[in-house]
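The data below hold one chain only, encoded as structure tokens and taken in the form predicted on its own.
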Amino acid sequence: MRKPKLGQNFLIDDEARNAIVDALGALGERTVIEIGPGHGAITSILAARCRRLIAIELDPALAAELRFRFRAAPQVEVIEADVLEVDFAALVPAGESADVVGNLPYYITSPILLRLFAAGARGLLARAVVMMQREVADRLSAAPGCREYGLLSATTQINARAESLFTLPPAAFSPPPDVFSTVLRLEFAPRFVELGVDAAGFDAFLHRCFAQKRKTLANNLRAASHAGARGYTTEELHAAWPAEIPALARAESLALEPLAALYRALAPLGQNAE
């Protein structure tokens, strides 16, 4: 039985489930972590292709079903847990990285992505093929200046290369959701070193830059932050402002490079890390 509170919509399209696994590439020597395997539509394909498969399932009944179904497959491990509480470092052998696949629950897509980005930054994950609501997927891969571009876009693109693969209609699932779903491939490739910024400080800075979508970048930075730090003064911003950023620019119009340049220029003021 489907449990609505878990956001369960099970993939039933055979072509799609094979395409999702194919998008991970060669898996013969890989460890794969599957998020929300459900009844095992993708699990059964992965089990035949990868060296080790770790299926993380929150629903106790589904976890029990999977353990029984794959009881003769020693390479498959079923973990009954909330993916937001799983320690990826404990799952991935030292010196190795894993791949991730999953149909992300719509109501916690962003928190899961942030967990994956953090693990990718530590070298624990190499790539992920994940499905999510189409509108959220559009935000992840949006370019600066597009209506969909925002904080989630910037956060994604400093942590990974996002590629939209294909979109599925509601009929590909049982029961059908009210939305279309898009499958993306994320290649984890953190850019913090390349951009000359520290991860924690720049993340806090991005939250300030995108705090209110209709405000200019300067006005957002002048305002006090969500963590209580004072805003920058007009004089401080003028002194640090890179020439390539228009005075009335909004964060949504800017690529990561000019934002990183502004972050570095403001760093001596000691407000970037919160």
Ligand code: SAM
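Remember, it's a predicted structure, so these values are computed and weren't measured experimentally. A residue's number is simply how far along the shown sequence it sits, counting from 1.
There is another form of the same protein, the form predicted together with the named molecule; it is not shown, and what comes next is about it.
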property	result
I56, heavy atom within 4.5 angstroms of the named molecule in the predicted complex	yes
Any non-hydrogen atom of L104 within 4.5 angstroms of the named molecule in the predicted complex	yes
is_contact(V83, the named molecule) in the predicted complex, heavy atom dist at most 4.5 Å	yes
The named molecule contact in the predicted complex: L217, any heavy atom under 4.5 Å	no
Position in contact with the named molecule when the complex is considered in the predicted complex, options L11, V21, L254, A261, heavy atoms within 4.5 Å	L11
Position in contact with the named molecule when the complex is considered in the predicted complex, options C50, I33, I42, L221, heavy atoms within 4.5 Å	I42
Non-hydrogen atom within 4.5 angstroms of the named molecule in the predicted complex for each of G38, L62 and I108	yes
Contact stretch among 96-104, 67-75, 194-202, 160-168 - heavy atom within 4.5 Å of the named molecule in the predicted complex	96-104
